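Below: one protein chain in two forms, given as structure tokens, structure 1 then structure 2.
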Structure 1
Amino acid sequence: MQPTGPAVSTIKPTDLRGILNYVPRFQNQIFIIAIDGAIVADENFSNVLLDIAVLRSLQIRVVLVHGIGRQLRELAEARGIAISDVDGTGVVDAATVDLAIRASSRVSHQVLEGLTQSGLKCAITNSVRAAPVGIMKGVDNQFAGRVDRIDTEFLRHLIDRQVVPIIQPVGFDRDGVSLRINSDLLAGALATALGATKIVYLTPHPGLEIDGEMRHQIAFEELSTLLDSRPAAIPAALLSKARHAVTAIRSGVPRVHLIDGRVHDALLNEIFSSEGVGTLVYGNDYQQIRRATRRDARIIYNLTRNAVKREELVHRTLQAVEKNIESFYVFEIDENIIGCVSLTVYPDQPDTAEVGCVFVQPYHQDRGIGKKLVEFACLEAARRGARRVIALSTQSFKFFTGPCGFAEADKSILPPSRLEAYEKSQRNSRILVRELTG
């Protein structure tokens, strides 16, 4: 069901221990925060600026881009002037660009005022050089602009001196003529030029909906295919952000977030938790499975502890996890471990490997992550020379026999050392097997 209003924050961003887990990863990295004009006009805007102040206090470098759609409409209505375009993606006539300049100046001043009240140094810049979009399909777009060049040296100079650059959706061409630029496009161009780690779009929407269903995570390849084949599946108000998210990730930006800027603490919740509160669009290198290291042992132990209590997983002490850490692989989101799997190869029967300790945090379940972990373990087993993979399960056997393609087997298939442990445990686990091919 589609929400009728802004969601309520459920994660406590003030949990210092949770935030500190992320601080070393994000320190001195650049985040592009793109604020929709509707969010600037929202009563939560002052809280958004406080969140930005928190990011700066943690040595996260911020560049702020703002939109003006809401303000441009209101200004046009107040003055009785018909405008040719609202968001900078169509024809921008002389009257519209004049109002856009006025609306942009007003919004930039609001941002400047709010950041100043939060104790931050900031500056409105002319660091974006624009070029006219020109004539497209026989139509003259007049004062609509595209990004021609970004003065990254100037922006880095400001950032290095703890100044938050404020970027307006109006640029200047070589002759100093003002051109209207779409703020979503502008955020992507800035992120690419500055090598930003994230773009965060603050919108008046809970996140990215596809066919009316909220998506918390989506790979950019899937989103790109959807935009090409079924763009109507995405709300018209979010199409621009979706398209520019895909473009930015193709250009090397690792991740793009779409969140509801009307929600108190949404920005901090999205950045400082693995669950987030909006939608994450990620590239191939963002979600990944890697071999666990010794420093991951306690995280794996804590991750699986509740499943052990429910007897879903066999009990392992922290010392046991540490001792066998080389057999574990972990699944990360934003460098935060949210799932794990173990792979054991038996010396007394080297053609057989065992997949175990498959676990995914409840919030991330039912999204195919468990299957990915098992598939990865099977590929790794084959690489090591195994011809079959076994799994033992008391409660999740349908997961193995369904999505993962295992079949039930007799205990005689177990390697001698594993059979001994099986008999000793008295868990009466179901034994499952998958033959490996190729």
Structure 2
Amino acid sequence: MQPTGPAVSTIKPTDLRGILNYVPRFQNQIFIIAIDGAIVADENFSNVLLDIAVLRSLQIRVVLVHGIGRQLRELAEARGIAISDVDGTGVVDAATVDLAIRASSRVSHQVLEGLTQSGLKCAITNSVRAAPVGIMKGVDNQFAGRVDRIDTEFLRHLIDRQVVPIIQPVGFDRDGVSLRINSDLLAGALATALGATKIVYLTPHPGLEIDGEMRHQIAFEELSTLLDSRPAAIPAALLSKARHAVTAIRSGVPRVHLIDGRVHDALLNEIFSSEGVGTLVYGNDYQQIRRATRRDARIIYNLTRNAVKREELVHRTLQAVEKNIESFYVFEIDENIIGCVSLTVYPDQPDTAEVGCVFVQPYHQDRGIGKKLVEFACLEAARRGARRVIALSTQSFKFFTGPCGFAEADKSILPPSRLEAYEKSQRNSRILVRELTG
């Protein structure tokens, strides 16, 4: 499809007030911006980089991933070399990976050059370790790679120092051999590993069309069902992005945008207006939380054992967890329980519920899961008629008073039965409270 021509800027100075609402919300969040090779080649590319500079100036942390499909095809044509794969999803032979490295270096350089012109610090990294896709259904994929490990420490180090990491669609395996990785997949893997709040795919398409009809928003469950049952409903050119959007959301990335990188201001309009201009694929914030069943008791017990040893959580025997299993909720990723929360409503003071046993496996911490568990428990408490939620904490009270919006309180707010248990435990926990509104 041909570009629709330069679109007109739609951001007016008066929109700034609206934009300001978004600023605190996005501050310090990580956005993965994945740019197709075709967009790097488009005349709007320099505007895209300026938009990225705007995001940076608003303290949004950006990691940039680029594709090379267009450049690889052009390079192969110019040199008369037959390539075995364009987008990193098929067999990548030696000649193709060689051209991919060249195309990638050229594109990365263009990105580096453009970001430099926009006054941003940036760095091309070797933060993605690749592993060969290997032999699939009897076919050797040769130099096709998948993501083996992402050096998040390295990337965070750069991001914390205001550097925009540039990630190429070519990674290195343990021996330093270069392998071609599909950039859509790479963006998803990076977003998951870094706990990003958004992936923005910049493509040469207006957005996601379903059965030929443009969709500005789609729930990831609907997209996932379509991908399984009727993939032909989705344009072939966007299938890979749709699949990786679903996988990323399933792994905890809340939102994925597909927008037209050829359109002036599309990136800023999509992020800073409630309507958006492309397609937003969104996850249900609480879909990964479910009520625990008896079968989960041992997992919850094992999960929280180390926190109990560090006195972060109250000791509960396996039998106690089993007995109170109805009060537990668990957070799952790919059917693995990685966090939990408990909610107790006190019959002797039914307007008060207690959130307890909040735990997130260390590997998954700092990605908003703990906060989500607490928010969910508060919603559930309100649904059951509570007007306030209390929490008792010895070491994580700042987690409650900070991001979870609790305030310190004294013993007088505890329901009588809870007060008795509190005095008896001698843990001297801080008492925290959140009044439920709305």
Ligand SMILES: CC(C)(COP(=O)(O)OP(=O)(O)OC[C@H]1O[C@@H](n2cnc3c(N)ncnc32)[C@H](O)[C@@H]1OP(=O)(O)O)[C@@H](O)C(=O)NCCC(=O)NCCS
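The structure displayed is predicted, hence computed values, not measured ones. So that the term is clear: the rigid core is the largest set of C-alpha atoms that superpose within 1.5 Å between two forms. Throughout, residue numbering runs from 1 along the sequence of structure 1.
The form predicted together with the ligand is represented by structure 2; structure 1 is the other form.
Cys404 is among the residues whose C-alpha shifts by 2 Å or more between the two structures once the rigid core is aligned.
Once both forms are overlaid on the rigid core, the distance between the two CA positions of Phe154 between the two structures is under 2 angstroms.
Annotation for Phe376: C-alpha shift of 2 angstroms or more between the two structures, rigid core superposed. Aligning the rigid core leaves the CA of Pro362 displaced by 43.6 Å between the two structures.
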